[in-house]
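Here we start with a single chain on its own, the form predicted alone, put down as structure tokens.
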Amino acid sequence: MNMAVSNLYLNEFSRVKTALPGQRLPWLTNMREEALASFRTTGFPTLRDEDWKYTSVARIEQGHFSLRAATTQPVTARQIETLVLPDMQLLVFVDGHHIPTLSRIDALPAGVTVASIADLLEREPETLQSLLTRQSRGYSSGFAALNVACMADGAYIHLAEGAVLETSIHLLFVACTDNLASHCRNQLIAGANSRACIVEHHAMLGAASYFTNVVTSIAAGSSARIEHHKLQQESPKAFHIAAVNADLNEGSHFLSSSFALGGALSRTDINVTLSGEGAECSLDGLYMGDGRQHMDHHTCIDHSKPRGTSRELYKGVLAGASRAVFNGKVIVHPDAQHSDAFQTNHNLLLSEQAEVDTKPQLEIWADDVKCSHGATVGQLDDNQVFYLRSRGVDDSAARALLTHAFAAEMVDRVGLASLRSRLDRLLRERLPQSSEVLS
């Protein structure tokens, strides 16, 4: 690893470590130090790492992003009102730190706890000790190690057995400070037969250059039903690295959707383990790039037990000189007989300079399964464009309308009405000529 880069992050950690939440806890101090030692050894991934061969993070290494132990820049409710989704519980984080005065948590059902990680580390650290120490064993990359070392805040949601959260929770992460790095960690523990819907939303105020490094961990108990929707709407000069790790117990169901619209460079890793018999997951995603944006999605669905079901559909729309990477892996272990897995990735290139690297993968070690995968990369159909033009639609509007139809399928699959409405608006803003025709 570049020693100058290593020293930068080590020095930043030393500068703020005494102000990080939970600094009085020996187990957390040890965990942070071990993570920092791992980062010192491995550093950031390079193009020599197989999982990162198409995604260079050199711009993050060269960014000189500083850490902040607590937020110092006030943000008003009026400033974020256009980002807030209606009719939801709301937790707001500004530059990686929870802001209670902007959050709105109404009365919660019995058995449901919603809090910030920083608050819990100060008030009830025992709630998080076994959870965090267990998750910090082994790091998928230097980003994961850095997240553990520098974690300052995040959301904690706990559902007791049978608890049902009828109102969705909007986790709104707002960035507004230039040259700042934020490392958040979200935890969702869902007991048996519980149900909840979470929207994880990353957005910006202004057009700052900053670095977001976030990890979201989800544990679903037997027959739990969890929805997790992620909307990445970062600044066009920002860098966004995220991981979503879900462990599904017997008969549980996990629905994930990921929408990537912003950022100069973004990557989301989604890892799902079907660790209980009959567990089910559905992964949907849409990424839309323009200019010189780089968007990377890596997913891994691990069928560990029999009768697991997984469905995955990701779509990409790339214009300008943007580039996307999609790597979707499905692993079926020897004991996971009667697994049913289907995976598809479709990409639409709108310019000659746009590029996508797609790699769907199946690793099957059981002999009684039903699995398939596929990927397509193409341009708009000239016959369809010609048909619309013959009906009086001009060329640019016809292309925008066809692009809208391609992307709108993923928006229409979102069951949460307020999020679906917001995504539809963002799609129309991205393709204004299609809106004119549709209206």
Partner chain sequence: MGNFNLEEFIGQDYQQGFFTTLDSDTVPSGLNEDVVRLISAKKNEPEFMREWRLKAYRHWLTLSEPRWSTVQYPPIDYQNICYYSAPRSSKDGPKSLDEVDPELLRTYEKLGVPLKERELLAGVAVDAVFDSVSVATTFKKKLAGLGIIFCSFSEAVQEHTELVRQYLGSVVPYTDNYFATLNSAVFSDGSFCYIPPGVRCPMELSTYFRINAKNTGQFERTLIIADKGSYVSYLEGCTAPMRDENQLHAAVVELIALEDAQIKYATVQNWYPGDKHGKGGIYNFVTKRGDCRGANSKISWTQVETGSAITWKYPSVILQGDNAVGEFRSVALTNHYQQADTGTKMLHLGRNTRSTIISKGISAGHGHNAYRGLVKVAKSAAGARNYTQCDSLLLGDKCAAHTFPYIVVKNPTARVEHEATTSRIGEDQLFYCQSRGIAAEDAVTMIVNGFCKEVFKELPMEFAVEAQKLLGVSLEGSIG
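Positions refer to the first chain, counted from 1. These numbers come from a predicted model, not from an experiment.
The form predicted in complex with its partner chain is left out here; the points below concern that form.
Per the 4.5 Å heavy atom criterion, its partner chain in the predicted bound form is contacted by stretch 379-387, the sole one of 379-387, 24-32, 57-65, 38-46. Although the partner is absent here, D106 is not a contact residue: none of its heavy atoms lies within 4.5 angstroms of its partner chain in the predicted bound form.
Looking at T167, you'd find every heavy atom of it more than 4.5 angstroms from its partner chain in the predicted bound form. When contacts are judged by a 4.5 Å heavy atom cut-off, E126 does not count as touching its partner chain in the predicted bound form. Under a 4.5 angstroms non-hydrogen atom cutoff, its partner chain in the predicted bound form lacks A69 among its neighbouring residues. Judged against its partner chain in the predicted bound form with a 4.5 angstroms heavy atom cut-off, the residues S351, Q361 and H373 are in contact without exception. Contact with its partner chain in the predicted bound form, defined as a heavy atom within 4.5 Å, holds for exactly one of S217, Q337, S140, S116, namely Q337. The single contact residue among V112, V356, L180, A319, judged by any heavy atom lying within 4.5 Å of its partner chain in the predicted bound form, is V356.
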